[in-house]
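Below you will find one chain, with nothing else, as structure tokens; this is the form predicted on its own, and questions on how it binds or moves follow later.
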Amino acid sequence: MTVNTAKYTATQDLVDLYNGNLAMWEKDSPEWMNAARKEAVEHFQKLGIPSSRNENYKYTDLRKWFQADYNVYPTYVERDMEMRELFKCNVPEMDTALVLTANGWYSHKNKAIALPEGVIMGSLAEIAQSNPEVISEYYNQLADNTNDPLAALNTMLAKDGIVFYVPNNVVVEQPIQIINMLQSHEDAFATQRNLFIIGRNAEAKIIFCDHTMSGHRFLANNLTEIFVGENATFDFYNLQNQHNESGNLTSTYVKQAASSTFNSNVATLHGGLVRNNLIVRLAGEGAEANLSGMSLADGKQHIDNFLSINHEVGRCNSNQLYKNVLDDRSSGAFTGKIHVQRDAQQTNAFQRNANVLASEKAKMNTKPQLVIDANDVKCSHGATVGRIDEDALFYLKSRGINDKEARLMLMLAFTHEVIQNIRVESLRDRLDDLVEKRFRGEISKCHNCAYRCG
């Protein structure tokens, strides 16, 4: 093993990798972060890599993805590319502040961006040392290391990622675009840990773009903890556009204070394996969570979205809308849990999952769940799996539109219902354009950030 790389194949190998190189993992990390590691390794060893025997991973067995001989990077490795040159914007009307990560690490090539006074954006590893008072009370407070092996694994191995801190009463007008790149000269495993803290009466928008920059096999395990303060608004958009030899495992944990608003939208255009965990706690009265997602899959791709929404107090609202289009031999899964606790009276919680199978061999598993322990609520959930609406198709064809274009129009309308929830007009337009190209077969593999580049 060199200073910067190490190899593993399965659960015990990962534990051995950690225990055998303890000094390397703990180096440059504060004691409170390393204490979390020590607890997490015990949980991970007990839970093991998720398989279909784990009810929460019933439709996605991850064991085969962990069998490859990956390289791991416990220290920062400079990438041999001028990364900013890869992301020249071709959407001039969209003005964002740009931040890059490489294989889970905050890039040393990042330059300072203009932010309102008091706002902090930077490396988790560096801020944990320079400004521990900002993040120490928040770090690892939401991640479910006890029950979710991906969370425990992330806490065990994470060294760096992004910290975004917005003080009370501050509005960050310019969206922050974080490009998470995987690039290596060999197969690689990446771990990234992010912490977003949005203060009382604050507002901000984050755009995540997940990309592969080389053709090797990748597996990424990224975890983000988000705290949305009282009367704050936070938008979190995620575009996933990686090649088919990549596995993208994301876990997002959110805690909302009273009268806060959290808007989430994830669009999966490409990826061999994608598993998105989204766990939201509405912990203050009057909080609202609007959660949308869309995926397009073909070949042998597998896309799995797992949502758990917990209404802990009364007078909160949650809305879920997830859609999938599956072609060829691709497969998908959706699990949507809504739990309305006993004291969460006057809750409004709505969930809808719609799926279109564009081929006979595509497969979709959907599992909506609703647990209501209160009696004064308005809740609904539902899921559909089917083909293109033949009546609508017939209508379009009767107006002189050929079969291919008619199907395209219906698919675009189907996905646009999700895209329209993005509250940045130029992003909506760009994603609509990319989805159309994807349906037309013009994007077979994209190495450029779809929100900013062509």
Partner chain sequence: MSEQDKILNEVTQNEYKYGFTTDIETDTLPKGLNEDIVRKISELKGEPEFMLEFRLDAYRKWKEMEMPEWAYLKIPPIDYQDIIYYAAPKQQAKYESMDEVDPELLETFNKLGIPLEEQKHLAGVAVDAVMDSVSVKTTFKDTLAEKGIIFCSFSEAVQEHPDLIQKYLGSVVPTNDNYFAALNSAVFSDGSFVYIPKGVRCPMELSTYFRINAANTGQFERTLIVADDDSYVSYLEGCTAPMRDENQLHAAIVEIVTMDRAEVKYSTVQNWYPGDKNGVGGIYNFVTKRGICKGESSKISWTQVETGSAITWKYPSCILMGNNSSSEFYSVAVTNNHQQADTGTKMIHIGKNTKSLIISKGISAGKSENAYRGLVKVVPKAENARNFSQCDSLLLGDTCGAHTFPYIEVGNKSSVVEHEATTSKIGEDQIFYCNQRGISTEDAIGMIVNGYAREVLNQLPMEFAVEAQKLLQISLEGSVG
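None of the values given here were measured: they were computed from a predicted structure. Residue numbers count along the first chain shown, from 1.
The next section is about a form of this same protein that is not shown, the form predicted together with its partner chain.
Here the chain stands alone, but in the model of the complex its contact with its partner chain, taken as any heavy atom within 4.5 Å, falls in 369-377 among 369-377, 250-258, 155-163, 223-231. Among residues of the shown chain, Ala358 is one whose heavy atoms approach its partner chain to within 4.5 Å in the model of the complex.
Contact annotation for Lys58: at least one heavy atom lies within 4.5 Å of its partner chain in the model of the complex.
Looking at Thr384, you'd find a heavy atom of it within 4.5 angstroms of its partner chain in the model of the complex.
Contact annotation: Ala362 falls within 4.5 Å of its partner chain in the model of the complex, judged by heavy atom distances. Taking Gln345, Ser308, Asn317, Asn131 one by one, only a single residue has any non-hydrogen atom within 4.5 Å of its partner chain in the model of the complex, and it is Gln345.
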